[in-house]
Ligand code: F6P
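Given next, in structure tokens, is a single chain: the form predicted on its own.
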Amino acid sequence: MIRNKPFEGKVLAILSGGGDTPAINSSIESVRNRASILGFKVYGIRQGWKGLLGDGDVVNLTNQPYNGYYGGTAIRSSRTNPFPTKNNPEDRTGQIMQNLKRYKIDILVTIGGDDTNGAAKRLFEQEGVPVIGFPKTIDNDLRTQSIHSYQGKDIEAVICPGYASAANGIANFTSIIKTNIESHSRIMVMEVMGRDAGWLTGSASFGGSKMSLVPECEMTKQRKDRFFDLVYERYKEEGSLIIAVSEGVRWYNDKTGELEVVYASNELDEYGHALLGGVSGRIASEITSKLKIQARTQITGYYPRGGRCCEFDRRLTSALSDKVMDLILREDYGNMPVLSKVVSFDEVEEYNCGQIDMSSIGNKPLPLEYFNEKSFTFSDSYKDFLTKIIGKREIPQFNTKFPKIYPAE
């Protein structure tokens, strides 16, 4: 006799919230496939938490074609916060609970970062909603408690779906910019997403950047003076220079004597975040005025968020979805699957995954071991970490040196 699947007739719903990455569709597809094996009907909640407000906005993902290689999220996203905030004091959790009941949703999988999964955890604790978080961020600063072993030392690192694809994108972007700055013997200050952490900024070093600035290293007056000295020395050695900077770099203002973050807009989202952007322009302007070297800016903007999901992220979302199935079978809700060990592509499997309580997610800055504050460069341990994720990369070089001709006496 063939027995029914263990969750026949039950409904699992998936939502994605916050910023998009190239790996969200892969995450949705992987979770959907495994939930279907267990017998679930699988729904997609459109536009994150917004899709559970009002009358709801829900689609059926069961037995539907789904392209997990396509970047972004086909069920859309938003930065909606169902809980009261300064900007929106209304408590909308009642609407969430009503729609979970109306659509007969038994289990909720929330794909997001600290904000989206933090809201899910509150619903689990306050309302008893069976939730499982799924990590997502290109900033790669969601605390996953992943251990990177390097030269006999264990370093707490982070691996989130979307980061590998974004890091590949930034490395490629940097290698393209490299030929421009060489042709014009200029300095390029390249701005990369990273509100509070420089994980993604480091990937520019795999494309040819020689110096970097990250939020973890506040640019005090003393550090700023040393930075300009090193920029001058490095430029004279190289003849051109790419400096990768995180959008959230704290930069010393000579006029006010304060450390400042540069905002593109003062408008806050529902989680209290303002839009960052423009610190690269301020740094480039000061390089030009103080060092008398032509400096330009390049903001990578939303570039790393888009495009095709890379193979590492495909494998990672698959392994984490296997862990989701394990959590469901054990009814171990309020947790999030994580990759426990920083391993190379062929070892990204469920046996190297674990789980963490969603209340302990938080944000994780770059470890001190990954960034040299004296030289403003990423260390060998960071390079080992990123090599495991995106592999070794050859930085393109134009190697021919032409003999100089001097006029006859």
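Given the structure is predicted, the values throughout are model-derived calculations rather than measurements. Numbers follow the displayed sequence, beginning with 1.
Absent from the display: the form predicted together with 6-O-phosphono-beta-D-fructofuranose (F6P). The rest refers to it.
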Using the partner position in the predicted complex, report whether Ile75 sits within 4.5 Å of 6-O-phosphono-beta-D-fructofuranose (F6P), counting heavy atoms only.
no
Using the partner position in the predicted complex, report whether Arg223 sits within 4.5 Å of 6-O-phosphono-beta-D-fructofuranose (F6P), counting heavy atoms only.
no
Taking the shortest heavy atom distance, is Glu191 within 4.5 Å of 6-O-phosphono-beta-D-fructofuranose (F6P) in the predicted complex?
no
Spell out, yes or no, whether the shortest heavy atom distance between Leu275 and 6-O-phosphono-beta-D-fructofuranose (F6P) in the predicted complex is within 4.5 Å.
yes
In the predicted complex, which of 292-300, 238-246, 136-144, 164-172 comes within 4.5 Å of 6-O-phosphono-beta-D-fructofuranose (F6P) (heavy atoms)?
136-144
Checking Arg234, Arg79, Arg282, Arg308 against 6-O-phosphono-beta-D-fructofuranose (F6P) in the predicted complex, the residue with a non-hydrogen atom inside 4.5 angstroms turns out to be Arg79
Looking at Arg122, Arg195, Arg315, Lys178, which is the one with a non-hydrogen atom within 4.5 Å of 6-O-phosphono-beta-D-fructofuranose (F6P) in the predicted complex?
Arg195
